[in-house]
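Only one chain is shown below, in structure tokens, and it's the form predicted alone.
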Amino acid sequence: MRKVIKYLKPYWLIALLCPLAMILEVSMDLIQPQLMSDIVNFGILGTAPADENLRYVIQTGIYMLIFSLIGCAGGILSAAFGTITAQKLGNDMRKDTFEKVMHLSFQQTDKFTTGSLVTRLTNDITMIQQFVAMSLRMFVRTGMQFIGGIACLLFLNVNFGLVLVISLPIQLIVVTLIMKRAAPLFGIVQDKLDKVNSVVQENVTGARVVKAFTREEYEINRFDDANTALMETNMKVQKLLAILNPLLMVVMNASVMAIILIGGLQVEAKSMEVGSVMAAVTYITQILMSVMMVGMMFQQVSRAMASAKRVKEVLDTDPVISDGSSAQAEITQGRVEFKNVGFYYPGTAGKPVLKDIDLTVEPGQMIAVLGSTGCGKTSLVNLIPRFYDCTQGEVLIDGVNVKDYELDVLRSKIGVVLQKSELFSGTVAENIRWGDNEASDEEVKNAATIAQADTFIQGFNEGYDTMISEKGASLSGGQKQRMSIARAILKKPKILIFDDSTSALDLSTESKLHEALRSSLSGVTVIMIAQRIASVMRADRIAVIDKGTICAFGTHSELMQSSEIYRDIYYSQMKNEGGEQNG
């Protein structure tokens, strides 16, 4: 819980006022039974004249009312201070956790999973907030009621201590045994909730695929399995907790009966008054209720501990990809060089995806990367903006190792158009302005024109002010790709990477895109991954990758002469396009 305390420090004054206000409320609660005892002993059963007894009852009743109002004010202030502290703490923790998630590498976010990160940022931090709000108030309340109640009870009659000696250990044993069994289940509940969130997230983002393959029933069953597992674990916890309160109530009621019995004997022996017995019943109830509240608090503490551990895992995770040491390094040309580069993904037992890669891309060149699915094309370009770091050799930009650049400097000069086009809820212009939030309308339009997107955007009723639904669901694949390309162009990068991001474009549109890129971005280094020969033929050089290595490099005509793999791909695709195999 040291992390939680760290987040409490900025709000120490508000946090301190919360228990102080609670002390005021509990103090008033402890005074009330004694005043009630006085009313019974001196106002109702007193030997003074009736009018004096009535006056005493009214006067003491007014005191009780005043003390009740003071206690009420203390309770309201305590709740307000506790809520403010918890909300501010949760806000700071959520912001820091989200910021940490934003700086994690792909391999680290994959390790946590999307559903788990969503749960940690929402449900887990909410559990911590509830714990803070409760602990600032209830720890003080239960402690004061417990200690103050015992002191007041023994002050009335030390014989009542016998009831406490018997009842308190029984209650503590019951609470300990049940919470010991329940505590581990709270962490399991959060893990089950992760799985539910993961299934929901996958189905919301992949709704079209689910419907296209009529897998609704399968996904419903998959969600039902995850949801049922969550319910069953929650049921185990609730069954244990359902036993707790009834057992504690039995102990409390038995204690009240014992107090009445002992008090009755004391009254009969003329050594105690009836009002004092009534006060003793109230005090024993307060004492044992505080123990019951401890049981409820243990439940909240166990949940909060499990959640805090999960949030701490994220906050304590150091990003694998971090800023380099060369703060003065700048990208001015866009020359990219791979020197004896090797790479394997974490958790793949060192099986290389890339090996012995040597490749140089001069500033302003357009280089294409071609190869079969899974040969390592995307892994190669992911090393340039440091989405991953190479495990062997080095990647240089303008002669400087990419690991030596500050991440913001490095990525600000690299435009990436991913294989899967990601758009966000907002207008067309807002999505394109992700490349440069300060860009003028003219610059946005120019970027869209280069990306061959301006024509279809102008066809919308509201043009660039047209709202795009979540993830661009209202657009075709080609439209989303062209908007993503416009976004990258608007960034004015020195290096522009296309990760098979023209696959949804027809050859005519793709041809116009290449011509526009050459004429408008003549000084920009372009690295293009593609599956189609027609997409790479226009490049200055083509790198053919096979089984993680570059097996051929040259122009289209050179590769037709020297590379059997390239010729096979060329003839296979040209035949298919000509209809000789597919009709």
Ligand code: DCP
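One rule holds for the numbers: they count along the sequence shown, beginning at 1. Because the structure is predicted, anything quoted here is derived from the model rather than measured.
Missing here is the form predicted in complex with 2'-deoxycytidine-5'-triphosphate; even so, the following discussion is about that form.
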Listed range touching 2'-deoxycytidine-5'-triphosphate, judged in the predicted bound form by heavy atoms within 4.5 Å, from 284-292, 233-241, 366-374, 246-254: 366-374
In the predicted bound form, Q531 touching 2'-deoxycytidine-5'-triphosphate (heavy atom, 4.5 Å): yes
Any non-hydrogen atom of N446 within 4.5 angstroms of 2'-deoxycytidine-5'-triphosphate in the predicted bound form: no
Close approach of Y388 to 2'-deoxycytidine-5'-triphosphate in the predicted bound form, 4.5 Å, heavy atom: yes
Distance check, S379 to 2'-deoxycytidine-5'-triphosphate in the predicted bound form, heavy atom within 4.5 Å: yes
Contact residue in the predicted bound form, chosen from N159, N340, Q419, T114 - any heavy atom within 4.5 Å of 2'-deoxycytidine-5'-triphosphate: Q419
The unique member of F98, Y345, F460, F139 whose heavy atoms fall within 4.5 Å of 2'-deoxycytidine-5'-triphosphate in the predicted bound form: Y345
